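Starting off, we have a lone chain in the form predicted on its own, written out as structure tokens.
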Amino acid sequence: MSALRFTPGRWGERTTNAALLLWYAAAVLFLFAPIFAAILYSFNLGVVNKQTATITGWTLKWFPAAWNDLSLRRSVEASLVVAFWSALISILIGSALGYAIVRHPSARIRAGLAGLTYVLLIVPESVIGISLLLFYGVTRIPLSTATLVAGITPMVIAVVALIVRARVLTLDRRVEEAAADLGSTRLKTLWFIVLPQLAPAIAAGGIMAYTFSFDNLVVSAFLTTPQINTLPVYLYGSLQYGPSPAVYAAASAVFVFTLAMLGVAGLIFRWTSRHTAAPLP
């Protein structure tokens, strides 16, 4: 009976928790309502191949129509190519950067590398896009897939570096010391002891890098050309001429693709946390 007795402190705590839950639900609804609306209207029949404010009927034809659109398909192919190279480069450089942030012998260099990583994240993408566009113009470097990859990759390198850094912090150095006592060289220890433990974090970072590169709009808007156009830039440009429901269908597919990739990254992280090497006694 004492547990069910009314107490002002407990009632106030429940009221606060309920209010916070409602506030959280309202914030999530506000943030995701436009995305849900876009997904809903991707099934709208529309009028004369144009999107309408009211639902005129339900259809699935806009999804194959989006795939049969040659310009849209080329933009998807360009996004896939750019995201692949960006993710590959970020895995190679970001993994080494994340490891060096934790394990480099010099504290000053560790601090400098950490500062550089955070700078790559906090610099606004619009500043990066404008700066690179001016740089390519002054140096007369033509815009291409390579210049677009070079513009997107620095930010995702920082993402991979931070993910790998978090994993390196959890490694037990006594395992590496035991390998050294048994005669292993530093290169063999890195290859057979360290890298297998870092592999899930590197994979998760690579997936995150691929997803962020595929969805990048701001930097891509400055560095794309009529011949090389990514999907986010194509979708944004098509909104200026009366969007077709096929554009909504393509956007919905991109959203589902992003969720799937983030879900895979989350599963890898979860697997990593469960299979962390147990510390030596």
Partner chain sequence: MTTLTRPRFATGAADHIVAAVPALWLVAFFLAPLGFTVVFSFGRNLFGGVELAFTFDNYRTALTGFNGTTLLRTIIFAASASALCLAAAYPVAYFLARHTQRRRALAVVLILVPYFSSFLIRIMALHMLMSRGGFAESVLNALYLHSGPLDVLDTQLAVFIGMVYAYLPIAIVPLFVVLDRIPKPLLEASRDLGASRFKTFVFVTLPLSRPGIATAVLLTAVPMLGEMVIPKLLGGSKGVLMGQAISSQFLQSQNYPLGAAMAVLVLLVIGVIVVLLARLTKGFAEVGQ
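Heads up, when I say rigid core I mean the largest set of C-alphas that superpose within 1.5 Å between the two forms. Positions refer to the first chain, counted from 1. In this text, all values refer to a predicted model and were calculated from it rather than measured experimentally.
Just so it is clear, the following notes concern the form predicted together with its partner chain, a form of the same protein that is not shown.
Trainee: Let me test this: is every residue among L21, A96 and L239 within 4.5 Å of its partner chain in the predicted bound form, going by heavy atom positions?
Mentor: Heavy-atom distance to its partner chain in the predicted bound form: all three under 4.5 Å.
Trainee: Among I193, V76, I89, A201, which has at least one heavy atom within 4.5 Å of its partner chain in the predicted bound form?
Mentor: Residue within 4.5 Å of the partner: I89.
Trainee: Check D69 for me: does it contact its partner chain in the predicted bound form (non-hydrogen atoms, 4.5 angstroms)?
Mentor: D69: no, not in contact with its partner chain in the predicted bound form.
Trainee: At the 4.5 Å heavy atom threshold, is V138 in contact with its partner chain in the predicted bound form?
Mentor: Yes, V138 is a contact residue.
Trainee: Give a yes or no for L133: in the predicted bound form, does one of its heavy atoms lie within 4.5 Å of a heavy atom belonging to its partner chain?
Mentor: Yes, L133 sits close enough to its partner chain in the predicted bound form that at least one of its heavy atoms falls within 4.5 Å.
Trainee: Check I122 for me: does it contact its partner chain in the predicted bound form (non-hydrogen atoms, 4.5 angstroms)?
Mentor: Yes, I122 lies within 4.5 Å of its partner chain in the predicted bound form.
Trainee: For 206-234: residues with a non-hydrogen atom within 4.5 angstroms of its partner chain in the predicted bound form?
Mentor: Contacting residues: M208, T211, F212, D215, L217, V218, F222, P232.
Trainee: Once both forms sit on the same rigid core, is the C-alpha displacement of T189 at or above 2 Å between the shown form and the other one?
Mentor: It does shift by 2 Å or more.
Trainee: Inspect the rigid-core superposition and answer whether the C-alpha of P34 shifts by 2 angstroms or more between the shown form and the other one.
Mentor: Yes.
Trainee: Is V256 among the residues whose Cα moves by 2 Å or more between the shown form and the other one after superposition of the rigid core?
Mentor: For V256, whose C-alpha is compared between the shown form and the other one after core superposition, the shift is 2 Å or more.
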